[in-house]
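Structure 1 and structure 2, given next as structure tokens, are two forms of the same protein chain, each shown alone.
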Structure 1
């Protein structure tokens, strides 16, 4: 016990003396929060589109105007297709709407054989997300205009009204989603990237040989690394939650006790990944490369934070089962937005515990007590 305590104290001193671990635990989360809150806009993306109007009827001019007044788009008027093309290549506009010269004629014809008027919507397909926005915004604006225009009498009355409700996040405020997600990323960074270096460092600097010639046992070495970084992670977690809830006013519906408990389990699992990498590779360069590739990047790409897991091909859906952040993100989002859903808490905590224990055993088995295997 005393040995363990000594190792923990040593590690904590080392953490406190190196500003970089403090930066990763406290400054980087703050920067990320600021960017998510005030920098990037993930909600109603306002896109810039070009408009080319070939129809000079006064009624169509109001359509062009309604593009100009929409809160979803900025519009720029163009006279020829060449300019539109250049502007799209330069990413000045993300798409364009072309109103053909027979637009109003076709509309006033109303019911008949040639139902409706054509409208050309061009998008910049190289950015698929914005292309989708351009499509649906252009459609929406045109249709809304149609309802208020003089052609409205030709419109059929809808039989079914769809009412869309979004539960847990009625305004679809992306901050509520991305900020808790960012906590998960910070936890992953501390758990995997920071700790992937700490055992490798002892081998590189030669302190391991001295440690191995004392009473230190495998369990001391293993816990002596788990515990200090666990503490650092949990303190950072508390700081993150404080920022999140008190400063940035992200509503929290769940239980703080369970939030910290399950975050603790997740941290335990991430630490397992980081320490396993460090123990096996014993070289900081390789360890950091692997920690990035097997730890951090999957946490970003495969965890469901950025890309929905359900949409992945089946094989990759199974693959995400071994990625701990996947469970944590599912839990933390639900805990923040929905509150007490016991099934979600239990299922995710269970998987995380199983993964964490497997990793712990692996770290334990791989820790060498000699200079050779």
Structure 2
């Protein structure tokens, strides 16, 4: 125990002397939260649309005003198609709606249901998501206007009336799951990126040879690396939760005890990945590159934080099954928004525990107590 405590003390001193550890543990989360809170927005966006109205009907003029009053659309009126084409090419507008001169006539005759009163919607396909927004907004505004206009008598009566109710995130605020999910990115960086350097640094600096000449055993070295970074990670976790709940006012509906418990299990798993990389490679540069490739990028791209897993190709859907951040993000988003679901808690905790133990054994087996020839 004295040997272990001495190694832990040595590692803590190295952490405190290393500015990068403090930056990743405390400054990086703050920067990450600021980016995800104010720089990343997955909610509906406001787009600029051009309007060309060839119908002089007063009723159709109210349709044009509907585009201007929408909170999702910034409308600009145009008199000819050439100006619209030029504005789209120069990215001044993201799309256009053209109302033909016989639009109101067809609606008055009741042809809007049977034969169709056409609206031309033009979108800039160079930005696929924005093009979808333009199309959806134009259809939504036109349909809402039609329901409230004098032409509604020509509409068939709907057989089914739908009432939409949103659970867990009624405001449909994407920050409520993106900001808590970013905690997983920070925890991954602490667990994998920092620890991927610690054993490699010992070999490069020659301090590992000094340790091997003492009574230190493999278990002492492994635990001497695990425990200090586990403490650093949990302190950073507390700091992250404080930023989420108190500073950025993200609602939390779950259990703080289970949040820190399963976060500890995830951190234990991440530490295992980082230490295994460091043990196998023994080179700080290579270890950092591999850690970024195997840790940070999958946590950001394949965990379900930014992109739904169900929309990924089948191969990558299966690949995400072995990525620990996928299970942690699923848990932490559920804990923040839904108040915690026992099935999600147990399944994710079980997987992370099993993987963490496997990695701990692998680190123990790969840590050498002799010099290579």
Partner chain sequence: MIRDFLRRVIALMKKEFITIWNDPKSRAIIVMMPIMQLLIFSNAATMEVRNIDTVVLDRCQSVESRELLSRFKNSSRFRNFYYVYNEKEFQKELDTQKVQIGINIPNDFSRNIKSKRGANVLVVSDGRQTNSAAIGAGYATQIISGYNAELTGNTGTQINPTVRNWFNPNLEYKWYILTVIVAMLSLVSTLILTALSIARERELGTFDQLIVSPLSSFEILLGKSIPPLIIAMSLTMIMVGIVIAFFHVPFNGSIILFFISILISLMAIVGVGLFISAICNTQQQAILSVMTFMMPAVLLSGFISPIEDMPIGWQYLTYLNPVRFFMVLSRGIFLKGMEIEDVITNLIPLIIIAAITLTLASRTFKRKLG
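Heads up, when I say rigid core I mean the largest set of C-alphas that superpose within 1.5 Å between the two forms. Note that the structure is a prediction, hence the values are computed from the model and not measured. Numbering follows the first chain given and starts at 1.
- The form predicted on its own is represented by structure 2; structure 1 is the other form.
- Once you line up the core between the two structures, the Cα of residue 190 stays within less than 2 Å of where it was.
- Relative to the superposed rigid core, the position of the CA of residue 342 differs between the two structures by less than 2 Å.
- Superposition on the rigid core between the two structures places the CA atom of residue 144 2 Å or more away from its counterpart.
- In the rigid-core superposition between the two structures, residue position residue 98 carries a C-alpha shift of 4.5 Å.
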